[in-house]
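Next comes just one chain, in structure tokens: the form predicted alone.
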């Protein structure tokens, strides 16, 4: 055996030229680098997916809501929405519903002014328009209930109020909601339909404030919603009047554009509009849309 043959066998590269061997060796480093890069890419990809999933979990979805949902709602919805909020939290463990109840016009001003909220439920399309006109709501607001006016008097109705006209009697202290508030606008419409003029002792910024005046005996009567009279129980007495049929308010609800938790907001709106939600609302005295 020649010396050259022994040298080839010793190297283990039988049948290959020295040039080929050097070429293959030169490829190992780039291949190792490529493999390491691919592994790093997979790790980063996994982290990205995990982060996205985590963000989605924080915001929740209408199918699986989580976190806090903030609802701005007309004062007249306080009792029924509080009940629905508890039901929502019960159905979706880990969620929390926070409410801000006030006059619809004040709530609309807060929303257009940048106040963080997920849902707006107004007592009239006019006040909802203050938000939609500024493009601060998503889609078209949906009417979920309607409400009708009623006269709230002192328990036992000592002044024998039986009609809207009776509220114009001299010496009777009557309270109305401010005309910019849906209940005040509706009362004004009912008075105009009856060709009646009424000078109240005060105008209140929301329906609950008007009702409280009667509950505290600071007023003899107030024009409020039927739902508020029902919620007050024996603290007041309700008197229906036919003119109220000409001033029924539609209540729209909408998801807000900058909602911090849109998934949970959608789920809450779904509950409000569901058969279960409607049962709670009609039980409180609201009318179906």
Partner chain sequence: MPLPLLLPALAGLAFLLLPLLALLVRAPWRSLPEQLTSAQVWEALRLSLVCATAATALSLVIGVPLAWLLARADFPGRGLVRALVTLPLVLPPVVGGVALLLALGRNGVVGQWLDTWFGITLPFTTAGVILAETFVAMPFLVISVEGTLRAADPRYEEAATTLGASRFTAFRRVTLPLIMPGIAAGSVLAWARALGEFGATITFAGNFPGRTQTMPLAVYLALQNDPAAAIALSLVLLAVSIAVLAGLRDRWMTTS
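Bear in mind the structure is a predicted one, so any value in this text is a computation, not a measurement. Positions refer to the first chain, counted from 1.
From this point on, the text means the form predicted together with its partner chain, which you will not see here.
The chain is drawn here without its partner chain; in the predicted complex, the stretch among 65-73, 257-265, 242-250, 216-224 whose residues come within 4.5 Å of it by any heavy atom is 216-224.
A heavy atom within 4.5 Å of its partner chain in the predicted complex is found for exactly one of 100, 162, 180, 83: 180. Of the candidates 185, 148, 194, 106, 106 is the one whose heavy atoms come within 4.5 Å of its partner chain in the predicted complex; the others do not. Proximity of residue 132 to its partner chain in the predicted complex falls outside the 4.5 Å heavy atom cutoff. By the criterion of a heavy atom within 4.5 Å, residue 118 is excluded from the residues contacting its partner chain in the predicted complex.
Not displayed here, its partner chain is approached by residue 205 to within 4.5 Å at the level of heavy atoms in the predicted complex. Residue 140 falls outside the set of residues with a heavy atom inside 4.5 Å of its partner chain in the predicted complex. Residues 173, 175, 178 are the ones in 163-179 with at least one heavy atom within 4.5 Å of its partner chain in the predicted complex, listed in sequence order.
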